[in-house]
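Below, in structure tokens: the form predicted alone, a single chain.
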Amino acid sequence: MTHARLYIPGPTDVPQDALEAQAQPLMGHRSAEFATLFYRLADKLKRILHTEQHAFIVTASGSGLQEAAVRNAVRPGRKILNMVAGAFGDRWHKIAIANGYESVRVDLAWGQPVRPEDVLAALDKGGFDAVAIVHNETSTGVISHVAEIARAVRDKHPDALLLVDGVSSVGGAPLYFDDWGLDLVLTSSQKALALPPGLAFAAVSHRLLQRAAEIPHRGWYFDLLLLEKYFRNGRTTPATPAITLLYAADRQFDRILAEGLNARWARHRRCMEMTHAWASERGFTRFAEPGYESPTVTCLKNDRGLDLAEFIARARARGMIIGAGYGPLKGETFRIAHMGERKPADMAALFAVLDELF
């Protein structure tokens, strides 16, 4: 690799063959050739998300599908519950407010996961159409146990739709859309899927689409019923998609499925374990609560009092780009991502460089 290596929580390095796939000649997005590509991708996406329900591919960032989730899941006069344990839970709340919805925000300490009891305590107050949760919070390096949360919500509040931000977990951590009883999982291309930025993907339940039909103003670009209509009638997408990015996704999805999701998740966990071991031996503690550490990004406390800006700059000069602390954690933490196509040898190469900087 001749360029600097990315160990930040997105974007991640993209395999060369996926990058080169984007150089193929363009095709018309209303052509039979494009339809073949698009439906092939949708089938692969369903396998990655473990669903037999609906799969959507849009030209946007993950934040765009956060907006879609809100506008298609919450009826007029009803509320959305936003569980905020980091920067991206906060973003989802801001998106709901910006679209004119009543968003009840539950703030949890950064570094803590979202727990079932936290969600149920809020839902018990009534009036909620949906609850929004970040599965893997990259600002804190925390993963929440969404399967347990979903089970609790299904038992106590079966009408509440479960909306999950899987931006930094899909492709890097176990997630079973149908088995867990989720209603929407969104993700984006530039994290654990190791694709260029610009695509967002979602699994959506039948019952969420039924709910969307009760909502008069879903917007246009992110109207899931409109997207579903085009998909079903063979015209693929309402608006022109990012065709070159779909070429890359086609190649990369093949790589992911050939590796096998269980093997891919295990590789991410092995790289996480290597990062934890390196950090502990160097005197750094993890920001995440024990038992809830993210398998795709580790957030470390600056226990050694380093000048983190200088430390990160020196690593960059050596061709290794790691992440600074996010938002209020800037200067107090730094982050090392181990997602996408990162392998144990890549982590060992990073640690060898970092060890020379102390």
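Keep in mind it's a predicted model, so treat the numbers as computed, not measured. Each residue number is its position in the shown sequence, starting from 1.
As for the form predicted together with a small molecule, it is not shown, yet the points below apply to it.
The small molecule in the model of the complex is not approached by Ile80, whose heavy atoms all lie more than 4.5 angstroms from it. The closest non-hydrogen atom of Thr275 lies beyond 4.5 Å of the small molecule in the model of the complex. Interface residue remark: Phe287 is not counted as part of the site for the small molecule in the model of the complex, having no heavy atom within 4.5 Å. In the model of the complex, the small molecule sits within 4.5 Å of a heavy atom belonging to Gln66.
Of the candidates Phe88, Tyr247, Phe222, Trp110, Phe88 is the one whose heavy atoms come within 4.5 Å of the small molecule in the model of the complex; the others do not. Of the candidates Leu184, Val134, Ala73, Leu195, Val134 is the one whose heavy atoms come within 4.5 Å of the small molecule in the model of the complex; the others do not. Of the candidate stretches 143 to 151, 211 to 219, 257 to 265, 166 to 174, only 166 to 174 has residues whose heavy atoms lie within 4.5 Å of the small molecule in the model of the complex.
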